[in-house]
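Shown below, as C-alpha cells, is a lone chain in the form predicted on its own; questions about how it binds or moves come after it.
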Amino acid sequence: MKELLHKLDEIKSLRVQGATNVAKYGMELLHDFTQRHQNLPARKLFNDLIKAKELIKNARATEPALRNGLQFVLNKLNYLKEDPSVNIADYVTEYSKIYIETLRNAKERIKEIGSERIPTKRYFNILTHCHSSVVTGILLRAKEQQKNFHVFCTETRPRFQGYITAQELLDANIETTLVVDSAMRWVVRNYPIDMILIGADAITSEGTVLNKIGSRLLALVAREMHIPYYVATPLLKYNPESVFGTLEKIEMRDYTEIWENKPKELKIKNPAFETVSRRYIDALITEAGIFPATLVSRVFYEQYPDLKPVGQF
C-alpha cells in the first residue's frame, strides 16, 4: 500500500488533471497494484483490491468518472471471485482497458452529437468556461465541418485553465476571444452569444451538475439573457451514489493558488467547483444523445447496465 499511497500524490497534488486523465491514471494504479500482488491468494487479493479502490477513489473529490471505473472493474471481478483458476491480475488489466476505451468512445460520440448543435449556414457565437476536453473536442469537430463560429472563453482563475482552451482553439484556427471571469455578463450584453457550452466534473441523480467555480454564475447570466445553456459530458461522470442521498463534495483547494505569500491574518477560501441546478440547464449533451438533465439517472443505467451495484465482496 505504501507505493500506492505515494503514487496517489500525483492526483492529490493536481499534477494529473482532467477527468479522463484522472480516471486513466487511477485505473493504471489499480492495475499496477494488482500486478505487484498477483501471487497473493485470491481471497486476500480481492480484499486488498477493495482497500486499494477506496484509497484511489478518495484521492480527490468530485471525480465520479474515476469512481465509476473502479466500480466497473470490481463489479466484473465479483462474478469471478469464487473461481480459483482465475488470474485476477489479467482480468483487472482487461477490464481497466475496456473502461478507458469506453470513456474515449463516449467522448468521440459527444463530439459528433455536440457539433450538430452548431449551424452550418450562419455565423455563431459560443461562450465557454474553464477547460473541457469534451467541449474543445466539439468545437474542433465543428471546425473540421467548416462551420463558421467564434468562441469566447474565460481565463478561469486561479489556475487559468481558460488559457489551455484558448490555445487549443487558436491552434485549430478558430476565432477566439479570452476575457476575465468577471466579464461573463459583459460579454453576453455586448456580443450576440448564441450558446453557452460547458463541461462537467460530476452529475447527480437530480440532474445537478458540478463544474468549475463560476459555472453557476454563467448559468444565471444565461437565464437573464435567454441564452441556451448546454453541458457536454460523458454519462460516466454521473454519481450513482447520489440517488441514495450521498452528496458530491466540493473540493476546497489550497489558498496558495490565489495568494502564495498572503498576510498571516487573511483567510482565503478557494472552492474548485460549484453546482448548477437542472433548472438552468437546457440539456445535457452526452454519448446517449441530448436530453434534459432530469433524465440522467435513467439514461445512465440504460447505457451502462454493468455499473449497477452488485453485492459487496
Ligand code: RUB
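Fair warning: this is a prediction, and the values are worked out from it, not measured in the lab. We number the residues from 1 along the sequence you see.
Another form, the form predicted together with the ligand, is not on view; read the next lines as being about it.
- Within 4.5 Å of the ligand in the predicted bound form, a heavy atom is found for every one of Arg60, Ser133 and Gln161.
- The ligand in the predicted bound form comes within 4.5 Å of no heavy atom belonging to Ala293.
- Although the partner is absent from this view, Leu139 stays clear of the ligand in the predicted bound form, with no non-hydrogen atom inside 4.5 angstroms.
- For Ser297, no non-hydrogen atom is located within 4.5 Å of the ligand in the predicted bound form, even though that partner is not displayed.
- The closest heavy atom approach of Phe273 to the ligand in the predicted bound form falls within 4.5 Å.
- The chain is drawn here without the ligand; in the predicted bound form, the stretch among 180-188, 68-76, 196-204, 114-122 whose residues come within 4.5 Å of it by any heavy atom is 196-204.
- Contact annotation for 221-248: a single residue, Lys237, has a non-hydrogen atom within 4.5 angstroms of the ligand in the predicted bound form.
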